[in-house]
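One chain is shown next in structure tokens, namely the form predicted alone.
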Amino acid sequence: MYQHENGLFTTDFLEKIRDKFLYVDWDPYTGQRIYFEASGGSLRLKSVLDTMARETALPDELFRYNPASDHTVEVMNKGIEDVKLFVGAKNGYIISTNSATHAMARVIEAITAHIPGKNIVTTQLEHPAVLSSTKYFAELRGLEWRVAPIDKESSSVPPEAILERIDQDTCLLAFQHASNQTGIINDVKYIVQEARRIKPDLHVLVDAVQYAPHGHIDVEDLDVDAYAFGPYKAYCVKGIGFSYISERVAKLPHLKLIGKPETDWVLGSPAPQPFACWSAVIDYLCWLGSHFTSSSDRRDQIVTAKKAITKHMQALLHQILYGNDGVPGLNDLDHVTVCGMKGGLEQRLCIFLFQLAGMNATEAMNRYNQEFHIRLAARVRDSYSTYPLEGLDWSDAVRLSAAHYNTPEEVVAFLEATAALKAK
């Protein structure tokens, strides 16, 4: 078996995983370092960069009907099919833009322009990809912008806080599958089902940018209208975002090229390289999943890979909070305050916010970098984090965000650094 009883990958298998990534424990500007900043952008697969270089070298445009051009079309079509495979889409469409934020903005624009209603519902814990677009189009269309508040004890937005804001006049519900700040995983299926008991034809958009690299996805089962994610947080490159959209959203009037089908959302000529890179990510997930299932079906392998990834990350989170190899966890350190974890760890990614006594987040982040070469992020009240931090009643926080390539040894190094890191 390739996972220990506690859910972690075995040491040997983790080494094989890490060997597939670039800069896994160093970078050319720092030297040796530990990377706990997956929420800012994951490590890149070696195969992704090889693919990017190979495909970028070709100058041929799409649909020029020569062998090289035919290759670029094939690459793009395969990339789209691999997005469908990744999210479990049997129906609907895949749209691509220059970012997941852009994809969500386009969907929100179309829904608010053409679906009757008087309000939009979202949450205080959202990324500005949702908060900014929903607020902007609410103001533009004269809609009420309803924001469900954060519960501090769990650092989540309870489903009932969302549902009580939905009524027959809600034209859109938009929320995250998992928080990029506190790591809480929303029960999307339950929220959607209950929301549609209130309004059966409610349109629902899910921001899956943080969740998609780590957790199981089945958009058919979730029954959502849009499900967006960014490949750069899923071991791929920047410069592209994908979103699944339902048939009814695809047919809404939207900006498109003259003469294109009503369900076509492509503007201009897409670069085929990121599509090829995404296929390389899927090949990697299938490789990982093949170590945990005898099935040769690629969807089965992806689902199995995600389940194994989830177990590993939850085991890392448990060790961070409760200790590892005799090293005290964050919950045992008097100078550390972790965001609320009420409700257990089962519905959380290995992402969370914390504070160090007597030290602001920027100082703490810099000291982790300079003294211990550990990459973390400082979250301050800027355009990205103001609403979540206000909901938690925090002025700022340090964020740790792990991925499945992180190791128990890196956790120990982080815990030892944190124990030593006190205000000067």
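Bear in mind the structure is a predicted one, so any value in this text is a computation, not a measurement. Start at 1 with the first residue shown and count on from there.
FYI, the form predicted in complex with a small molecule isn't displayed, but the following is about it.
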* Structure fact -> Of 98-106, 268-276, 304-312, 328-336, the segment with heavy atoms within 4.5 Å of the small molecule in the predicted bound form is residues 98-106
* Any chance Ser133 has a heavy atom within 4.5 Å of the small molecule in the predicted bound form? -> no
* **Partner contact for Asp207 in the predicted bound form: the small molecule, 4.5 angstroms, heavy atom** => yes
* So in the predicted bound form, does Asn180 come within 4.5 Å of the small molecule, heavy atom to heavy atom? -> yes
* To do: Please check if Ala129 has a heavy atom lying within 4.5 Å of any heavy atom of the small molecule in the predicted bound form.
  => yes
* Structure fact -> None of Lys233, Arg348, Arg165, His254 but one has a heavy atom within 4.5 Å of the small molecule in the predicted bound form; the exception is Lys233
* Looking at Gln176, Thr72, Thr112, Ser246, which is the one with a non-hydrogen atom within 4.5 Å of the small molecule in the predicted bound form? -> Gln176
